[in-house]
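Coming up is one lone chain in structure tokens, specifically the form predicted alone.
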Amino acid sequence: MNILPDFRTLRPATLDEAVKAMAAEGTMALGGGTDLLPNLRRGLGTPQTLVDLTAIAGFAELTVQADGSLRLGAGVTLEDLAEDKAVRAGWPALAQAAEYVAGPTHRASATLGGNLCQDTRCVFYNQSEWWRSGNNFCLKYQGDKCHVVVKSDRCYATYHGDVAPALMVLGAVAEIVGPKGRRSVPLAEMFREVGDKHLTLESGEVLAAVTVPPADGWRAAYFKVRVRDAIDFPLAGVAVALKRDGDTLSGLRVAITGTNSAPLMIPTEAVVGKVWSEENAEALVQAVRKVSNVLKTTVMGVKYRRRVLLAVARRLVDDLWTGK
């Protein structure tokens, strides 16, 4: 039987209290718990303390600010993000990505911060304790080698979040609070492509909020491929933001998820400033292929995931270019 390990919980009322609590050894942040608690039941982690962030004043606020930007507290639920009228009107790709996550009951509890900071996943990691022990564990937790790339000294577990790539192409900025004060970074800089250390948050730091600038002529969309049309994590996901000036592609941002150890931006300089053509579409597809690193971390085959990733990237740009 899978049971939770023993731990204590703290429920701070302010960010300062949360930061102080998170600085202690053996602590983990808790939002809705939809990702963390199932992992703990599988023996993936033995925290001494869970710091419940849901009582922090203003942590779940969703507001459109005077300059037209959207400020999202890290405690905003994915349900609110998917259904909010202002988000759906001004940043529909973000609402779309949030609505793709899991099922309705999950979204009612899951938080934006928890979704962004979710653990990476792998078929050799997300297993029961007895299964992992029978396979000598893995580099990500309690083992000394990666079963995906056996001779590697790094972990290749995959990031499968849906909301991060949508926010990245929308130009979102993360507000992080820690022992050294506050800092703001582009959301993409909150991640690194290492499976067991994919977040750049330092000890004691908490993701407090995310700010999304006004659309300002950008049109965006997110789409993911999964085994079932509900609940499942993406086998491959793509977010695209596009700006068109007549027959010129004046701006293009593309981000991928479900294939690498972090959500990643795709270089698009080679096609920006040009007409969207077959030649430039192929250039983008090759850029996506070069950045993606699809490995055997899910139950679905590598070739399929790579092919649908490239196809979805091309299709999303086609659709946004033609205004679909």
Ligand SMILES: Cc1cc2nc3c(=O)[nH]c(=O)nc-3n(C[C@H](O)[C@H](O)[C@H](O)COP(=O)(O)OP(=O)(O)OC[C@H]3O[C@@H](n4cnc5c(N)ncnc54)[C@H](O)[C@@H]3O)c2cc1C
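None of the values given here were measured: they were computed from a predicted structure. Residue numbers run from 1 along the displayed sequence.
The form predicted in complex with the ligand exists for this protein as well; it is not shown, and the discussion that follows is about that form.
*Asks:* With heavy atoms only and a cut-off of 4.5 Å, decide whether residue 148 touches the ligand in the predicted complex.
*Replies:* Heavy-atom contact with the ligand at 4.5 Å: absent for residue 148.
*Asks:* Might residue 237 be said to contact the ligand in the predicted complex, defining contact as any heavy atom within 4.5 Å?
*Replies:* Although the ligand is absent here, residue 237 would stay clear of it in the predicted complex, with no heavy atoms inside 4.5 Å.
*Asks:* Please check if residue 106 has a heavy atom lying within 4.5 Å of any heavy atom of the ligand in the predicted complex.
*Replies:* Contact with the ligand, yes.
*Asks:* Does any heavy atom of residue 195 come within 4.5 Å of a heavy atom of the ligand in the predicted complex?
*Replies:* Because no heavy atom of residue 195 falls inside 4.5 Å of the ligand in the predicted complex, the answer is no.
*Asks:* Considering the ligand in the predicted complex, find the one stretch among 244 to 252, 139 to 147, 204 to 212, 124 to 132 with heavy atoms no farther than 4.5 Å from it.
*Replies:* That would be 204 to 212.
*Asks:* To verify the annotation, which of these, 268, 34, 69, 292, has a non-hydrogen atom within 4.5 Å of the ligand in the predicted complex?
*Replies:* The residue from 268, 34, 69, 292 that makes the contact is 34.
*Asks:* Residue by residue through 222 to 247, which ones have a non-hydrogen atom no more than 4.5 angstroms from the ligand in the predicted complex?
*Replies:* Result: 224, 231, 232, 233, 234.
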